[in-house]
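Only one chain is given next, in structure tokens, and it is the form predicted on its own.
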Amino acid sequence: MKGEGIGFGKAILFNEHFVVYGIPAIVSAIGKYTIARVEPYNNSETKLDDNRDATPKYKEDKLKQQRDSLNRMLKAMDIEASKKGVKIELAGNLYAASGIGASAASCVAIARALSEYFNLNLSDDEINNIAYEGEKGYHGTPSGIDNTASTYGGLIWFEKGNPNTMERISLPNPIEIVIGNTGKVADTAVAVAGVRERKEKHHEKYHKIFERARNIAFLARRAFQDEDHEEIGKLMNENHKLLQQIEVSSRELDFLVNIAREYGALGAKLTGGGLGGNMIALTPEKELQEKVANAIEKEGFQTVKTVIGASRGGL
């Protein structure tokens, strides 16, 4: 008896951090994924073997959060860990790093694998809810955007609420992007708490920034529908500026963003929690994607070349 599940990585294209406060965000699954495999284990415990390639120290730094996340998911799925000896293995081609939905991809993959192993026949909506519970172990109060992209794939308009609003944005053609990894493991919970603290302290300043972020989301949605890559790029650049203003960028992120723009990316910004982790560059066409990726790699940083906007079946 075995179970297997898949969860996609993601890139937040607009409004990470702002999304926590009900500002719309746009997120896309990317063409990289985590696979979870579940098999019997001759012990009453749940054993987790994490065989993903990762940023140095990422897995060690996240170990406690990972255990908390798994326990939350087992509870949400009503699986008594003490009675069910299983071994879970994590693999796949999604590099485990901050900012590309590595934790969400693992939560979705594990939920799907456990569902198959225990014959629970859970729907995508149920998998998404369980993965959200798992994300709490990593992020404290996650927005739900990462697990949503990881579960459903494609390009998604997301608004946090009760319930969350999720709408697909259909793209005629997937768009090439480059993801640049600072190599710095970031703690999203710390970044989120910092924004909350500063927002309360500088209410008026932050209100203006957040309203501009809201406007950018609607402009970006229209630009995606029009396939206006130049406009999407400009708005990504402006979104990065807003993220700098709320102090979630870093020296390394800004460095990579500047290199990407210098070598022709239409837009570039941090992606995910910030303070390290990853940035993304909009590079329509393979040739531009190669050029930008090479420039980043020459500086000694790792890149991922992938696409946004492909539906689950197209990844």
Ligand code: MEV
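These numbers come from a predicted model, not from an experiment. Numbering starts at 1 and follows the sequence shown.
Missing here is the form predicted in complex with ligand MEV; even so, the following discussion is about that form.
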| note | Students should find that, of 96, 192, 120, 185, the residue having a non-hydrogen atom no more than 4.5 angstroms from ligand MEV in the predicted complex is 192
| Proximity to ligand MEV in the predicted complex, single hit among 220, 130, 213, 145 (heavy atom within 4.5 Å) | 145
| request: From the candidate stretches 249-257, 285-293, 269-277, 53-61, select the single one in contact with ligand MEV in the predicted complex, where contact means a heavy atom within 4.5 Å. | output: 269-277
| query | Taking heavy atoms and a 4.5 Å cut-off, does residue 199 contact ligand MEV in the predicted complex? | reply | no
| field | is_contact(residue 229, ligand MEV) in the predicted complex, heavy atom dist at most 4.5 Å | value | no
| said: At 4.5 Å between heavy atoms, is residue 139 in contact with ligand MEV in the predicted complex? | reply: yes
| task | Could you confirm whether residue 20 comes within 4.5 Å of ligand MEV in the predicted complex, counting heavy atoms only? | result | yes
| field | Residues in 51-75 with any heavy atom within 4.5 Å of ligand MEV in the predicted complex | value | none
